[in-house]
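So here's one chain in two forms, each on its own in structure tokens, numbered structure 1 and structure 2.
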Structure 1
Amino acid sequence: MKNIENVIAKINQIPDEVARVGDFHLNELMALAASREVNNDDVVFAGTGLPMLGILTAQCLNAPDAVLIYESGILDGRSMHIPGSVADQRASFMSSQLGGLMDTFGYYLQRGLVTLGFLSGASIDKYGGVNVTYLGGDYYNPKHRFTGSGGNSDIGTMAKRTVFIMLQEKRRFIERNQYTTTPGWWCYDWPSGDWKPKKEVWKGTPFAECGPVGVVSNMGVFRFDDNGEMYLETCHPGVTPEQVKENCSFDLNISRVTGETPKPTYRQLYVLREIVDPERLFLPVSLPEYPAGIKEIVEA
């Protein structure tokens, strides 16, 4: 078992140089792309999996003062390694408060104190609306029934800004969801049923300006324009804008691509692998090896 103090002490010994393609895994690239969304003063509501990798890495590197909330009621925990889920009690290590759903949703989220939410979904529309409820058939007789909101709608509409981490497929990035669990920048206005900008539908509420600001997929990073429509910002290494567009079922705007998603540095990879997820709960068990010089430092 590695001594955590020795592992932490080595961080500054690892070169902060950009890793070569082939020296990192796609999941690591996505987790680090997510970590860059975290500001140092953020209050982050995160879910299980890649969102955890992102926020915990950010706390180690670029946002040490960011406060992390899990829906199980854990506030500002500083777990030694990544928890297995939002209910894993390892997440409560050094926490400021141990509460419950009433605290996290009622006190923090609904009062407007959460500045960043990390979410996922079965599908996402061009305006950032997400479906995690059902596909095919109708609501009462669906072809596929998913887990439902589970806090997705609450977090996605009440956090100041939201970032989605999604698997990129044509059937998942769509023009309009069959069912909207979490509304994006355009949504239905009830009871009229008209499709309108969210800022207009929610005008006068504390959450009219809250919504998605980014999407991290396995192909690129996306943003939303002033009209609330998704556009491609960066492509992951080895992926072209045209390939990303082919994996959307709507006419994705690729005219604003700024280049390639930044590759990890070896120091970032070290933090991810040796400090955040050394047990490989969410990173793949088999990862590319460090270059010889860095491997020598890690194993010393």
Structure 2
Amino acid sequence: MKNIENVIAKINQIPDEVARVGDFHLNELMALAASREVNNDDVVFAGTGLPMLGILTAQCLNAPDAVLIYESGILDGRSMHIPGSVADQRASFMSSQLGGLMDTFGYYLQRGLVTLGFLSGASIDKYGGVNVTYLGGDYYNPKHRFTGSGGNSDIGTMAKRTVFIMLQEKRRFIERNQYTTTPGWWCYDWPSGDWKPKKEVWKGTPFAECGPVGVVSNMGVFRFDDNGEMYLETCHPGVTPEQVKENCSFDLNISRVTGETPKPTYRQLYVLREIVDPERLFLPVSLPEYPAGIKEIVEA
């Protein structure tokens, strides 16, 4: 039986020193990179999987007051057990208010209360537009049909900032999505279909300045310049900017790289593994062991 005081005492015993390469899994690095995007005053709209790990870890560490919204109708749930999805009853535990999609997409999102969206996608274009609809073939005869938008296109366009967590592959970081589910900084102006800056298409609405501000992949962290174009900010340990560029099919700007993505600390790893996802719902089952010294404290 764990009470909060014991848990805090234990966490405080774990040294907050930077972990050595080999002591953490890539997914942990990504989740913690994502968690650093969360500010303490953020109202966050998160999807299932790594986005969820990122925000839940942030609530335990750097952003305890951040409010989490799950699209199914949950505001500021405080889970004891990691939810399997945004509609899991575990997600609503101790929430401030429980409602439905009108609450989350209407009262919260379109009303302008959401400051950060946390999403993923099948492919991303160089302006941060995302496809979660289909890949290959054509729309009416798709090779791989995915789920479709869900809340992706709503959150990605109306949250003040959006961070995407993506798998880095040449076919996933592309010039133009085969299907733009969630518009990035450049998008279609229907009905003509002209390709224009989002700020023009959304001009006059409360959401013209909203859009992607970061991408966390398994190779690096990306930002967007004034033209809305993606550039590489940091590379994960052991990865070079050239390698990232090789895994993009558009001409990635690597001139603004500031260095290496910060490695997790042992304390962060402990929180992610033992507090946020001890059931290994999203983290891989085989994680690197804690080094001697830390392991003793964890197991004590």
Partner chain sequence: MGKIMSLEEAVKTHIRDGVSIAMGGFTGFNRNPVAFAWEIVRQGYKDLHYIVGHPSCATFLMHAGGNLGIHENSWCGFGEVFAKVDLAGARLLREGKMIFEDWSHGQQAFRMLAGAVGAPFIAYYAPLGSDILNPEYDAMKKAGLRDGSNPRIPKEKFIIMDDPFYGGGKVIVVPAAKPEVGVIHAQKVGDMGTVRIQGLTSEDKEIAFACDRLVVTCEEIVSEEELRRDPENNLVPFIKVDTIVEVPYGAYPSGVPYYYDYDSELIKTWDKLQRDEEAIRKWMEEWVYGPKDWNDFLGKVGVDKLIALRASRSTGYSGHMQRGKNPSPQVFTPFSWRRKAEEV
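Every value quoted in this text rests on a predicted model; they were computed, and no experiment measured them. Numbering runs along the sequence of structure 1, starting at 1. Superpose the two forms; the largest set of C-alphas matching within 1.5 Å is the rigid core.
Enquirer: Compare the two displayed forms of this chain and pick out the form predicted in complex with its partner chain.
Expert: Here the form predicted in complex with its partner chain corresponds to structure 2.
Enquirer: Examine residue 21 after superposing the rigid core and state whether its CA is displaced by 2 Å or more between structure 1 and structure 2.
Expert: Residue 21 C-alpha, core-superposed: shift of less than 2 Å.
Enquirer: Kindly check if the Cα atom of residue 193 is displaced 2 angstroms or more between structure 1 and structure 2 relative to the superposed rigid core.
Expert: It does shift by 2 Å or more.
Enquirer: Align on the rigid core first, then pass along the CA displacement of residue 9 between structure 1 and structure 2 in angstrom.
Expert: Shift of residue 9 at C-alpha, rigid core superposed: 2.7 Å.
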